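The chain below stands alone and is given as structure tokens, in the form predicted alone.
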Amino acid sequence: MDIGSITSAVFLGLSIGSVFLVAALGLAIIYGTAGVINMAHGELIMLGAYSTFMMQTVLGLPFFICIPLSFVIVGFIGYLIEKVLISSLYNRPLDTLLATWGVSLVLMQGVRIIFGSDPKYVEVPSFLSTNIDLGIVNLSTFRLFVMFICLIMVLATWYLFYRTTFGIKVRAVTQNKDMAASFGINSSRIYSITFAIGAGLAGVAGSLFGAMNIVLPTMGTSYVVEAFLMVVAGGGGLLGSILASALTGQIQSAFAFIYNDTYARFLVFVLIVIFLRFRPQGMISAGASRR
């Protein structure tokens, strides 16, 4: 074992953690704020990938422009879903879970009808397809780009929810909706905007994942399980999801270095299940009960 191999394993762990966090961030916001277990989160990621594909194919837009536009498009779709369906199901967790599962099936089949089941491809600038050779380690430029976008998403989300008036209103509604309403805060509007932001972040994730892999109607299911695990293991909040993603990425990378990727994923899932058995509240508990 040499320093180059260890450095590569650490970088791979950071890269895997970034992918987990990009997938989980929107889900953590929606669950942490509204308590909605959004089973359609994977399909919102899928819509982000197809939005990027369409903008490149039909409008000829460059990849860097497609990423923020995917946030807007999927965020608007999420806003409509919340207004039409979710808004009448708050405080009914089982109904919300089943409803969002139904939405996921509708979105998946709708995309399959429109685009077919053939794989689609998102094009990226040529320099993102290269590697950076640092002597002891060879780094993928696109993986570095994903980590950079992940960092921007985390900082923007943290600033929005902890340094703005909107963030104060969100936390007030999360802790006590009735008390927040007595101060003139419209909880329904807060939920709608938060759901739209969470969906928009899923759209950004889809834009990145579409470039990383092929675009398929079923691609969301490969990310949503890991996203749920990161949110649950982290305790449902932003900081917990970050820690869970970073730690899980490093553990999976270490196991993959010793064994192989398939065995590493199996061991990681087993460890998460064992962890939740003894600490069901996750790494960092929200601490406040939602009323």
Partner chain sequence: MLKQNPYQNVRYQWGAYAVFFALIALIPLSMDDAFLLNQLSTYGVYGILALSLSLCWGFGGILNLGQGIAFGLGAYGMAMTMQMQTQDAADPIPPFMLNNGLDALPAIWEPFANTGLGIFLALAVPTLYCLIFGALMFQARVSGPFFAIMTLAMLSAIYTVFIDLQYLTNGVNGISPPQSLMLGSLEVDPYSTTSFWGVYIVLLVCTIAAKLITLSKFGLIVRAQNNDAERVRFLGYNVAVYETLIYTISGLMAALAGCCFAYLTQYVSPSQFDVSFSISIVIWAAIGGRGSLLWAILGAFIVQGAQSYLGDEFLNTWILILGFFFILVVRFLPTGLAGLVETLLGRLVSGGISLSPGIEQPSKSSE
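Positions refer to the first chain, counted from 1. Note that the coordinates shown come from a computational prediction; the quantities given were computed from them, not determined experimentally.
One more form of this protein exists, namely the form predicted together with its partner chain; it is left out here, but the text below deals with it.
Contact check for Tyr50, Pro119 and Phe209: none of the three has a heavy atom within 4.5 Å of its partner chain in the predicted complex. A heavy atom within 4.5 Å of its partner chain in the predicted complex is found for exactly one of Ser88, Ser182, Ser126, Thr164: Ser88. Between the options Asn138, Gln109, Asn186, Thr130, the residue in contact with its partner chain in the predicted complex by a heavy atom within 4.5 angstroms is Gln109.
Only one of 171-179, 200-208, 141-149, 98-106 lies within 4.5 Å of its partner chain in the predicted complex by heavy atoms, and it is 98-106. Its partner chain in the predicted complex comes within 4.5 Å of no heavy atom belonging to Ile258.
Interface membership of Leu247, defined by any non-hydrogen atom within 4.5 Å of its partner chain in the predicted complex, is ruled out.
Put simply, Val10 is far from its partner chain in the predicted complex: not one heavy atom of it is within 4.5 Å. At the 4.5 Å threshold, heavy atoms of Leu94 reach its partner chain in the predicted complex. Residues of 207-230 lying near its partner chain in the predicted complex, listed in sequence order, are Val225, Phe228, Leu229, the criterion being any heavy atom within 4.5 Å.
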